[in-house]
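This document starts with one chain, in the form predicted on its own, laid out as structure tokens.
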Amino acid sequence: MHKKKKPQKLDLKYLIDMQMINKWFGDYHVLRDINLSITPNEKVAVCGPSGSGKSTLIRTINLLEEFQQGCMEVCGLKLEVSNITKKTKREVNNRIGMVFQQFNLFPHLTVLQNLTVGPIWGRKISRQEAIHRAKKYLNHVHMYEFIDKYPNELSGGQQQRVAIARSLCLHPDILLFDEPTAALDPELVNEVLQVIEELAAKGMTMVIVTHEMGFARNIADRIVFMDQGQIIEESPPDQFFDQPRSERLKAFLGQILNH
């Protein structure tokens, strides 16, 4: 079998560079003039009220949602409205891992099979290498002992950790998290957040949409606050929480921190 070459690791100033990105759902202007740049190894948390455009923002980064105005560079790929094709989307998806609220595991496959199916069929790597990666990343997320279990035999927190390992098996340059603990019972949240913190400590570039503000403060190099489709404010965590500049962020923090 002919092996596809693994994408080379990148030496770039920015892994993500969004310039004046606009997106509509029908008449609804969901992203408004978004400018956002993310450097290699940076951890960026995105927060804001429900409906502010957070999830759409990160789904636009990996082209799960297409934008209608502006331009974007992702992992060295220059993207404009006119050049987004199926091939472009595949190239972006080869660089970016995504972890969703729902775990999206195949229920009829074991944990090991869930982790190897993408690398084997999507990336055309050998079964031996796919299994090696799966075991390595299950160790990373403290799930190796569940390698032969099926998703319905796991808790929600365990399934989400498997989903994170599955993304790592594709060797992404960036990991995107869309509220990774939103679907979990409260007592399971910490086990997933701990795994994400460990990945952050290893230097993984991450963009994390989250309502867990204490977690955002601990993990992020920078926090981005969105409201009504716009980036209202962005700053390092201490400044974000202790010296918010905009009245909108002050009101948001007042609501969630005093709740």
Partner chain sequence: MPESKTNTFIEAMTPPVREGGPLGRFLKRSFSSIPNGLVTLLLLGGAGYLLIHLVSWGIVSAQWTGTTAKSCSNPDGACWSFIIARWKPILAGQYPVQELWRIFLFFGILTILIIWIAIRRIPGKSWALVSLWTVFPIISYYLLIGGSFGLSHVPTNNWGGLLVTVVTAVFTMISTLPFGLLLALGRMSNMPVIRLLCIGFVEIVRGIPLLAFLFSAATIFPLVLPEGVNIDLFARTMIAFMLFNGSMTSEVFRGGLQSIRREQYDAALTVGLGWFSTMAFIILPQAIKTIVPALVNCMIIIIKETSVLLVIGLFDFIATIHFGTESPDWIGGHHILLTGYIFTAAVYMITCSVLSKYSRRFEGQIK
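Residue numbers count along the first chain shown, from 1. Remember, it's a predicted structure, so these values are computed and weren't measured experimentally.
The next section is about a form of this same protein that is not shown, the form predicted together with the partner chain.
S.K.: Pro107 versus the partner chain, in the predicted bound form: is there a non-hydrogen atom within 4.5 Å?
M.R.: Because a heavy atom of Pro107 falls inside 4.5 Å of the partner chain in the predicted bound form, the answer is yes.
S.K.: So in the predicted bound form, is the partner chain close enough to Gln230 to count as touching (4.5 Å, heavy atoms)?
M.R.: Heavy-atom contact with the partner chain at 4.5 Å: absent for Gln230.
S.K.: Hey, in the predicted bound form, does Val117 get a heavy atom within 4.5 angstroms of the partner chain?
M.R.: So Val117 counts as contacting the partner chain.
S.K.: Against the partner chain in the predicted bound form, would Leu170 count as a contact residue? Criterion: heavy atoms within 4.5 Å.
M.R.: Yes - in the predicted bound form, heavy atoms of Leu170 and the partner chain come within 4.5 Å of each other.
S.K.: Exactly one stretch in 67-75, 82-90, 185-193, 140-148 has heavy atoms within 4.5 Å of the partner chain in the predicted bound form; which is it?
M.R.: Heavy-atom contact with the partner occurs in 82-90.
S.K.: For this chain shown on its own, do Phe177, Phe215 and Arg248 all sit within 4.5 Å of the partner chain in the predicted bound form, going by heavy atoms?
M.R.: The answer is no; none of Phe177, Phe215 and Arg248 reaches the partner chain.
S.K.: Looking at Arg222, Arg59, His29, His211 here, can you tell me which has any non-hydrogen atom within 4.5 angstroms of the partner chain in the predicted bound form?
M.R.: The residue from Arg222, Arg59, His29, His211 that makes the contact is Arg59.
S.K.: Would you kindly say which of Val162, Ala134, Ile125, Ile96 lies with a heavy atom within 4.5 Å of the partner chain in the predicted bound form?
M.R.: Selected option: Ile96.
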